[in-house]
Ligand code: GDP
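Take a look at this one chain, the form predicted alone, written out in structure tokens.
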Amino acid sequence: MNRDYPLEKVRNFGIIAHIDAGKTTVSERILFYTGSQHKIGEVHEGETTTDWMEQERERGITITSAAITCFWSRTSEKDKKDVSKKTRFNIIDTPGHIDFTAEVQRSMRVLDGAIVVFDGVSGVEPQSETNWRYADDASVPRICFINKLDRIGASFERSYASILDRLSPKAIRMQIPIGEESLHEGSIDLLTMKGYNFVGNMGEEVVEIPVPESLLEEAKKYRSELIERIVEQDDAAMNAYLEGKEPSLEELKAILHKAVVANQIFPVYCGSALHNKGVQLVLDAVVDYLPSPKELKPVTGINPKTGGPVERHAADDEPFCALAFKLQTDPFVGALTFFRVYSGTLSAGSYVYNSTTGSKERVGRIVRLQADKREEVAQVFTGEIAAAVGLKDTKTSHTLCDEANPIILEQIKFPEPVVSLRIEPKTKADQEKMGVALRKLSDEDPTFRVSGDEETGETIISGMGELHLEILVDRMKREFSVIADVGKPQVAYRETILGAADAEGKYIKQTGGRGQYGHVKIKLKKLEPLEEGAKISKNITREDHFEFINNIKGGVVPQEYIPAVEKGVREAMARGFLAGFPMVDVSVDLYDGSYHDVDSSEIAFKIAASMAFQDAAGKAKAVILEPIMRVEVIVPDKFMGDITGNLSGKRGQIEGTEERGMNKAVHAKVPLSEMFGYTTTLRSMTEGRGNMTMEFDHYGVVPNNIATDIIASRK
């Protein structure tokens, strides 16, 4: 079977934005204009295609990233009749709410480009910055779309300035709006110097108009800025331009395409998705400037047999290689495993090798998704995003490949949860169902963790925020018919040390027969970040929050007992020292000890190491850490004093304020423990007119008086 679309005609891109910037509305317009649906779904009416979960439609927010396949032919009429001119779009609409940030992270990993949507009133918002950072980490080329320019208080120039200031100076205007607020009616393309209006019920007809006289000088000025920025990217074009020759439109587009793919330029477009203005021209830009899978660097990974690096090029005749980036429980077909194919092809009914686990699994069926609808396909090719039915052992971040040519791709890293809840089933019948539901939900969502409290026997669930856990408990009820009681939200505290200490642990136990003997000496200190380019020596195990150094000389502790020592240290860290919270950012140096020929054992060394760690932690200034959140509160000017005073009373540090349309935005860093239920407080303080967003920033040391209360409450 041959592919139905050439690889150069494929675009894999995501739509990312801060909550309420109009991301899902943009997705719905794309589906309408590409002919994938004949009615536009509106978020406020709860009828959207990409927000298909009940909770999404009720709340008007996106919770899971939805994958859609559709086809676009450029706005010019003649291309619409010619199928060969169409481009296949594989689109992922991602959530904007910070509690579902993992969805954006995992999507970034498998996309080749992104449309970043901004609110024309607010410009760059906190989650815009976080998403931009994820895109930077994954080197994803971006097109910016300043949306909602018909709202009161909208300003293209102010929003554009916020992109330059807070995200990247590499952004450049490709368009300017014709009118703003209630006068917004279209846009001017600076490259071609043409104006565009959008007519018809749904703005489906794009009409070319002359550039309005009142905007001509402004458009000429910004066009020369744009041309200069483009020719800077190409020496030959630059030299010709300096000699007074402007490159042709085709040459300018070709140079701009290369610059966008290399993340040297981020083109900025404008419009209003809700009122059907500007979306088609952004789709033309996706075709013109975002890369096809063929243009990207080969994907690199590790050969599990040799440990050496290997790479795969985007070609159907290369060995198969794909990354599983999302699991979803489907009420009709069971578990769906979403994957992105980087090389080769995969057929339904064939076996695939999971190089992460070393196991083989049969791919029952392969489906292409249209959000919640599905189309079954016999085969998928390089550059496609699809979902497999029937994979039982494959989890998020696992690599699927050809067994004869194994490769392990780099795993997706997810943030640690910051909020926990105690949860218990209402009835005995719910008990068993709850276990199954929690397992399936934690498989789907890597930022959702389930653990047990050994002392009380209770189940504890942890996630990225109150809304995150609320949605998951609601999904248990609706999808798995599990009714559960939940406790109050708890902060995910951590412990660490500020100083350094030496300690020794000796475990000797004599019984009738063989005894137990383990003896270690360790040094404990705070883990410092590695300097860039520093090499880690062979005797050091290092992870994000823990380092174990084996400095044993002359076999005073035999090699076979070293792993037991490390295990003992890890178990002691998991139990914490002050209040039973896990310990992080610790470096442990095992430098001495002794053993007994007959009595020494792994268990003895494990216990000795645990004793030594507890002793050293007591001397090394152990402290409790708490999550500090980056908070932005947007309120009318008259409430500013009340809000800043209230945040300061919550141990918050006010970092600055700025104008945000008709309102003021307050930026602060506040401990998470002080922020539970803050949305309700904010509404009552601002007559319902205040808004806030919050995301995790860092862990900070808890003040002594509060640490004392926390320790007392845990005893």
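On a predicted model such as this, the values are computed, not experimentally measured, just so you know. All residue numbers are counted from 1 along the displayed sequence.
Unshown form predicted together with ligand GDP; subsequent notes refer to it.
- In the predicted bound form, ligand GDP stays beyond 4.5 Å of every heavy atom belonging to E626.
- In the predicted bound form, H519 stays away from ligand GDP, with no heavy atom inside 4.5 Å.
- Within 4.5 Å of some heavy atom of ligand GDP in the predicted bound form lies at least one heavy atom of D20.
- Mapping the unseen interface onto this chain, Q280 falls outside it, with no heavy atom inside 4.5 Å of ligand GDP in the predicted bound form.
- Between 644 to 652, 23 to 31, 686 to 694, 663 to 671, the stretch whose residues reach within 4.5 angstroms of ligand GDP in the predicted bound form through a non-hydrogen atom is 23 to 31.
- This chain is displayed alone, yet in the predicted bound form one of L438, A492, A324, A273 has a heavy atom within 4.5 Å of ligand GDP; that residue is A273.
- Checking R151, H398, H468, K606 for any heavy atom within 4.5 Å of ligand GDP in the predicted bound form turns up a single hit: R151.
- Shown here without ligand GDP, the chain has no residue in 460 to 476 lying with a heavy atom within 4.5 Å of that partner in the predicted bound form.
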